[in-house]
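Given as structure tokens, the chain that follows is alone and in the form predicted alone.
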Amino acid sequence: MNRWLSAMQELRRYPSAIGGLAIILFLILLAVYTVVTIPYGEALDKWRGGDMWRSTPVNAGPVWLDRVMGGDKPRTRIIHSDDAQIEEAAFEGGRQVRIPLVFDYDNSEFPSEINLFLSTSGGDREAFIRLNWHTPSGEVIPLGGQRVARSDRVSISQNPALEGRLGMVPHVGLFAGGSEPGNPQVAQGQYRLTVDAIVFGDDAKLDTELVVYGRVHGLAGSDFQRRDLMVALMWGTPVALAFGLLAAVGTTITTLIIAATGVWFGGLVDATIQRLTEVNIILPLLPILVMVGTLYSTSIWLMLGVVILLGIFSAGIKTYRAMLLPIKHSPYIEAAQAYGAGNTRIIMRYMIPRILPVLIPTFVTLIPTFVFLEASLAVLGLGDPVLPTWGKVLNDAQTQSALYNGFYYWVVSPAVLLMLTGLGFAMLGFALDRVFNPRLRTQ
């Protein structure tokens, strides 16, 4: 115990150890915060996409990055009918409803899209709506009318007739303020979308939600399915740490026990272990994982099991064997045999603990190796299709040609987290190596 305490005290002498511990602590706190605030089931539902992201812009960059670069890209504006001053006029069998959806637009860039979401309830028949767009200059642009089902969406940005009248895409033309199509400029001011509706039934109700999509979103941006990338970046942290830690613990402990068993019993047992190790060393890990993922399953837990299984008879067995051979003939081992200690007790209590301090740095630096392995499999398209991970984000970015289209944030964010993970464990591992390895210790 005193040796461990002195080692921890000596660790404070190394700035790299302090920096590495700070990075690892940050990742652990982020993992705990993620699991607490976004439960596993909720994270899976969010990553599947769907209507929960209907108000998120497509391929939007982070807000903070745009502000740091001095930009003024618009953020998404959501105007709901609950906040509007609704006018109603009853007639026999129904009501006329006017819903003004008012908002201010003060950005210098155009929005990326405009959608109107509608839902009706309690009506005898389908409602009918007519839309009019009011600009700050007082111009009224009719957007047409249609019947409304129980839940409906009006894609104003994808209205070809409106695009033909405006001479440009609707989400630009509606904010251009009469400027030339070749050089449109944003007309800042107050805009209003008036929804004139006829609903049938005494209890009929119409809810509307106008979404003027921005070009930036949140801390990490969004992807091609409107998903907030922050979900994957946050949940990728506990997944990466768990995969790396479990794989490192599984391979290190099993390898160490097998190596110690071979050294202690010697003879045929040791020879068999060495031959299995030599055969396993030449087996390529990544191609085997690719084959398993292609032919059987890409479950992250299956991949973890295969990694541990192939890592049992790794090259580390020969290293541990060389370290354990002198210990086998130590006087205290002979003393343990003399008072009747069994084989298991000698291996687990007297041999393995002697080399644990030297193996701790190797164990720490092994964790990011498996983190990168999991990310590599996901980038190759063999990641778990259910879990949101850093590698899955990179795979989606590659599939959608994110770098080619200028969506650098999509690649940089998970890459930075991967590099931070590797840097943190490497800095701590190198410092631990100096503390526990006498040959590297400086006076």
Partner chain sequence: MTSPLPPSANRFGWLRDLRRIAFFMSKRLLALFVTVMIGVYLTIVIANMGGQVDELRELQIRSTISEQVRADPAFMQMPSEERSELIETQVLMEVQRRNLDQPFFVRSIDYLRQAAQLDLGRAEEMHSDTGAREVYDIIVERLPATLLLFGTANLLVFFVSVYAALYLSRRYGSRADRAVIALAPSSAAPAWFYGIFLILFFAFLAPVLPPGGMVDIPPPDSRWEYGLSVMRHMVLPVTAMFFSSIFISIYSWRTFFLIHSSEDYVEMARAKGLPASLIQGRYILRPTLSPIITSFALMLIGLWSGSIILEQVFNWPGLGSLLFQAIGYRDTPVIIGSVVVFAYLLAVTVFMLDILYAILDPRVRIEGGS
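Since we're looking at a predicted model, the values are computed, not measured. Numbering follows the first chain given and starts at 1.
What comes next is about the form predicted in complex with the partner chain, which does not appear here.
Not one of K73, S108 and A127 places a heavy atom within 4.5 Å of the partner chain in the model of the complex. In the model of the complex, the partner chain lies farther than 4.5 Å from every heavy atom of E209.
Residue contact check for V411: one or more of its heavy atoms lie within 4.5 Å of the partner chain in the model of the complex. A residue is said to contact a partner when one of its heavy atoms sits within 4.5 Å of a partner heavy atom; Y404 meets this definition for the partner chain in the model of the complex. Although the partner is absent from this view, A17 stays clear of the partner chain in the model of the complex, with no non-hydrogen atom inside 4.5 angstroms. Here the chain stands alone, but in the model of the complex its contact with the partner chain, taken as any heavy atom within 4.5 Å, falls in 292 to 300 among 254 to 262, 320 to 328, 292 to 300, 333 to 341. The single contact residue among A31, A43, L418, V63, judged by any heavy atom lying within 4.5 Å of the partner chain in the model of the complex, is L418. This chain is displayed alone, yet in the model of the complex one of A90, A161, L283, A271 has a heavy atom within 4.5 Å of the partner chain; that residue is L283. The partner is not shown here, but in the model of the complex the stretch 350 to 380 reaches within 4.5 angstroms of the partner chain through a heavy atom at P368, F372, A375, S376, V379, L380.
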